[in-house]
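Two forms, one protein chain; structure tokens for each follow separately as structure 1 and structure 2.
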Structure 1
């Protein structure tokens, strides 16, 4: 039973994290990975670098995100900033609608 619950939580968390990451990127318009990790931690959605960066790379490859290295006007090391593409904005809109739809169904059942 514990394995089933653990697996279920991992599946839900994965989709939810992707939605939250896209929402944060939209909120800040552009953000670099470490800052995104900090923002996630602030809202109690902590994740490891080893989880975030492959996800950001996949979203970039899938053309959901645009990644740009910035070397000027940054303190210290160059930073890769992420922003939503037009496709990413459309996807985020659809993901939000699906999340709301699923939550509405949950609320109807829970009553």
Structure 2
């Protein structure tokens, strides 16, 4: 068993990571997983491969994202590019609203 704080940090990331990923994909319009991992590291939001790839696959299955393999003009391993579906854009909008609502409550309690 890991310590209390470490476990809590894993819990609070639930849902939050998904929100951040969707916002980043919207920002870049289209991006592949490995690149996303680097962008996440740059903004101090490190994420494990074993967390990101299953998340991206799940969101694709659920039609929140659409995925396109890119093999041409690419040296090395082929890349899978993700972008938001129309449904994903709508979902992200509602998720952001809920996040902001929750943060407002946090700040109301904190002050």
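Owing to the predicted nature of the structure, the values given are computational and were not obtained by experimental measurement. Superpose the two forms; the largest set of C-alphas matching within 1.5 Å is the rigid core. Numbering follows the first chain given and starts at 1.
**Q** Which structure would you label as the form predicted together with a further copy of the same chain, 1 or 2?
**A** It is structure 2; that copy is the form predicted together with a further copy of the same chain.
**Q** Could you tell me whether the Cα atom of residue 101 shifts by at least 2 Å between the two structures after core superposition?
**A** No, its C-alpha moves less than 2 Å.
**Q** Rigid core superposed, CA of residue 90 - does it shift 2 Å or more between the two structures?
**A** Residue 90: C-alpha displaced by less than 2 Å between the two structures.
**Q** Is residue 13 one of the residues whose Cα moves 2 Å or more between the two structures, with the core superposed?
**A** No, because once the rigid core is superposed, the C-alpha of residue 13 moves less than 2 Å between the two structures.
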